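Below, in structure tokens: the form predicted on its own, a single chain.
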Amino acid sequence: MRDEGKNMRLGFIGLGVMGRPMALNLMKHGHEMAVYARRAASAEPLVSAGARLCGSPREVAENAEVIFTMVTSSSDVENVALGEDGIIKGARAGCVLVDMETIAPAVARRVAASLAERGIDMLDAPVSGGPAGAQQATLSIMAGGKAAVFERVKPLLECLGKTIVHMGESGAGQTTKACNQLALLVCAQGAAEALALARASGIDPAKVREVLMAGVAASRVLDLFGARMVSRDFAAGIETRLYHKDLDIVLELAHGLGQAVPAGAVVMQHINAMIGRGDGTSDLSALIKIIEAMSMPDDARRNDAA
């Protein structure tokens, strides 16, 4: 792979709400792009911008020096990277896979080890910042893998984000992301409880949030998700079902280490309740509805769920 970050042959797999703008931002910096998506319609904006549409991850790898993936789950990554028509079948020695969604650290290490046997490097480089960060190229990127590979790929990561940190060896990026998601979700729980308490007390939740944002309780979570809780805007930014997947990774990691995460376990119960009542495709801000419903009389709770 060339060391400079200019005019490189790149690949991108996974062109959803995060991957599509990320791939477009890479193209804006003059890089060639080969893309693959399970739904061809997802790739259309990239193809219109000049990307090459491929029929498989293997074909993407055959046409790229660095391949980015932004799929959904650990099993998706294993299939895309190591499957019968996967990246490992098409990538040449010296190519790099930069895997950017949230998966289990153990899976990241296992995929990296399998690729290394073929001379293919890998960074696990999950992101934080949501769809807005993906569009504006202001993501926070936490990377695990060889330091030398990170430095080679960093100019490309700078096309996508503002805070880019090498966290350590393979799996360290995903471990950091698990910590990020734990903190985010527990903060969202706190915001939901505080704003629900304000409403139950007869105080305007919007004013309460305004005051909290000016003090020590301020946070990006209260700013972003708190605003949606106040306005009752539960349209999906990132669907709650994906946070369920992330928190499952957190709890599995904590269990394996013998580390207690009691607040995370409570949030998981409430996310399960959200999915059970049909809010799995809603924004995380819909968490406030669960908190409010817990305080209702039984009859009102049944009517609210309906």
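For clarity, every value in this text was computed on a predicted model and none was experimentally measured. The first residue of the sequence shown is number 1, and the count goes up from there.
Heads up, the form predicted in complex with another copy of the chain isn't pictured, but that's what we're talking about next.
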Exercise. Any chance L53 has a heavy atom within 4.5 Å of another copy of the chain in the model of the complex?
Worked result: no
For this session: Verify the contact flag for E193: yes if a non-hydrogen atom of it lies within 4.5 Å of a non-hydrogen atom of another copy of the chain in the model of the complex, no if not.
Result: yes
For this session: Determine whether any heavy atom of R152 comes within 4.5 Å of a heavy atom of another copy of the chain in the model of the complex, and answer yes or no.
Result: no
Exercise. Looking at the partner-bound form in the model of the complex, is M18 within 4.5 Å of another copy of the chain by any heavy atom?
Worked result: no
For this session: Give a yes or no on whether every one of M142, T175 and G264 sits within 4.5 angstroms of another copy of the chain in the model of the complex by heavy atom.
Result: yes
For this session: Heavy atoms, 4.5 Å, another copy of the chain in the model of the complex: which of 92-100, 110-118, 205-213, 75-83 makes the cut? Say which one.
Result: 205-213
For this session: Check each of A236, A227, C159, A183 and return the one that places a heavy atom within 4.5 angstroms of another copy of the chain in the model of the complex.
Result: A183
Problem set entry | Heavy atom within 4.5 Å of another copy of the chain in the model of the complex - the one residue of V71, I88, A137, M167 that qualifies | M167
For this session: Would you give me the residues of 253-269 that have any heavy atom within 4.5 Å of another copy of the chain in the model of the complex, in order from first to last?
Result: L253, A254, L257, G258, Q259, A260, V261, P262, A263, G264, V266
